[in-house]
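Presented as structure tokens, the chain that follows is alone, the form predicted on its own.
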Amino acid sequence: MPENMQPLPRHVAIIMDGNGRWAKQHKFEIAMGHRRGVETLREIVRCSSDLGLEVLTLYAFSTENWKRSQAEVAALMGLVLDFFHSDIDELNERRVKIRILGDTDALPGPQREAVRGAQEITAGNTGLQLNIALNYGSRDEIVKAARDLASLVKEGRLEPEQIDQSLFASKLYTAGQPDVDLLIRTSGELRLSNFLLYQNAYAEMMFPEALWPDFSVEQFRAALASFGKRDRRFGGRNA
């Protein structure tokens, strides 16, 4: 690991923003912007694996993205299939373990089977934990966790007083993983867009201007190096 990147964040989360604007700038169809975005995704995953990051979470498709045009949604769903079919062997060879965050039951059949297969194939891997947020919304995730705990209370298997932060976190899609240390949102937009609201409680945040298809491995490594210089206090004060 390069010395200027120490300490590395344990968990990096990325909102991959700007595919549509990139396509518009280059006078391409939006689908081409998303396709170029997948190329960037591949490079960032490879870099994260090579550097030994513990967890990388990528925001691929939100619960609100279904509101986009039918053509764009179809293109995105097609890329989901392409990615898992074409990249699963390399990811498995790298010992990457895939976890899907979100309601996969609501995905179309082929995509649902592809992501479930990818999780099964990589379940025993011990390298980079790659979370792909797909049909994901953080508010939905939090409500689901609350309902799960409420059901346990209703069944008499849990007392309300037993509910603490650790137990609540165990009902989230990211159960067993560390909270986000570094959040990156490309394209310069300054919002979380319903992404990992609970897990980002003390995340360091960076908002590079580069659109996602233009976000390079060098820029990613620079962000990790910048994180290593930040003074993290978690609400307290360092001596």
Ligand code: IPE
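When you see a residue number, it is the position in the sequence shown, counting from 1. Model, not experiment: these values are computed from the prediction.
Missing here is the form predicted in complex with the named molecule; even so, the following discussion is about that form.
Note on the partner interface in the predicted complex: the residue among 62, 57, 174, 48 having a heavy atom within 4.5 angstroms of the named molecule is 62. Residue in contact with the named molecule in the predicted complex (any heavy atom within 4.5 Å), chosen from 72, 140, 87, 103: 72. The named molecule in the predicted complex comes within 4.5 Å of a heavy atom belonging to residue 68. Shown alone here, residue 228 lies farther than 4.5 Å from the named molecule in the predicted complex, counting heavy atoms only. By the criterion of a heavy atom within 4.5 Å, residue 128 is excluded from the residues contacting the named molecule in the predicted complex.
Contact annotation for residue 115: none of its heavy atoms lies within 4.5 Å of the named molecule in the predicted complex. Comment: 184 to 192 is the region of 202 to 210, 184 to 192, 166 to 174, 40 to 48 lying near the named molecule in the predicted complex, near meaning a non-hydrogen atom within 4.5 Å.
Residues of 19 to 52 that come within 4.5 Å of the named molecule in the predicted complex, judged by any heavy atom, are 19, 20, 21, 34 in sequence order.
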